[in-house]
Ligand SMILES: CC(C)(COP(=O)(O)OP(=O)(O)OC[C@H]1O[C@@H](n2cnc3c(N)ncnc32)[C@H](O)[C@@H]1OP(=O)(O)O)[C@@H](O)C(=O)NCCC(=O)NCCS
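First comes one chain, alone, set out as structure tokens in the form predicted on its own.
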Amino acid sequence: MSLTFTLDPAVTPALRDGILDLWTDVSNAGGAVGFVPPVTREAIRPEVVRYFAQMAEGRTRLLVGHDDTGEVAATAFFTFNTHRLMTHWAWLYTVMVHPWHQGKGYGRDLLTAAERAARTIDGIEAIRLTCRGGLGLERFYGSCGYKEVGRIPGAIRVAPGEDRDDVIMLLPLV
């Protein structure tokens, strides 16, 4: 079994619902994707709508991975800088693989597909992302070629009295 990745898929109700389901399931499994469990699809829906609006404006592009059944199994969103001095790198946001597929190497496959996709985007020389400290994500991203370039201690509050570092990672493409 493997994932099939598509950059800039057609936005359909099935894609929207698949992303909502994925994001909800990843969040409720404890994934560090902007929410803490428990979370509902309705809480996540405004974020999906925001991404789709940015896609329509050309400020964001979606990389989606479908599993062998055709279900949305992984995503990553490229967001481009509007500041004229920073247009040579892109952000990678909401990097997630469905919990059912954890341990199959799909996270690494997603990051490899993201790197390949970024290399096709004119002017992009690096990918930057942030991750929540304390979960081992820095080691995972590091094993995929990303370098830790910054850390803001306690910048992410997941619960009262439970703060995590915001870790900044960079993957040079040139």
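Counting begins at 1, following the sequence as shown. Here the structure is a predicted model, which means the values were calculated and not measured.
Beyond what is shown, the protein has a form predicted in complex with the named molecule; the following relates to that form.
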The named molecule in the predicted complex reached by all of Arg41, Ile44 and Phe77, non-hydrogen atom within 4.5 Å: no
Segment that reaches the named molecule in the predicted complex - one of 114-122, 23-31, 46-54, 59-67, heavy atoms within 4.5 Å: 23-31
Gly107: touches the named molecule in the predicted complex, heavy atom cutoff 4.5 angstroms: yes
Close approach of Gln102 to the named molecule in the predicted complex, 4.5 Å, heavy atom: yes
Any non-hydrogen atom of Leu135 within 4.5 angstroms of the named molecule in the predicted complex: yes
Heavy atom of Tyr141 within 4.5 Å of the named molecule in the predicted complex: yes
Sequence-ordered list of residues in 80-101 near the named molecule in the predicted complex, where near means a heavy atom within 4.5 Å: Val95, Met96, Val97, His101
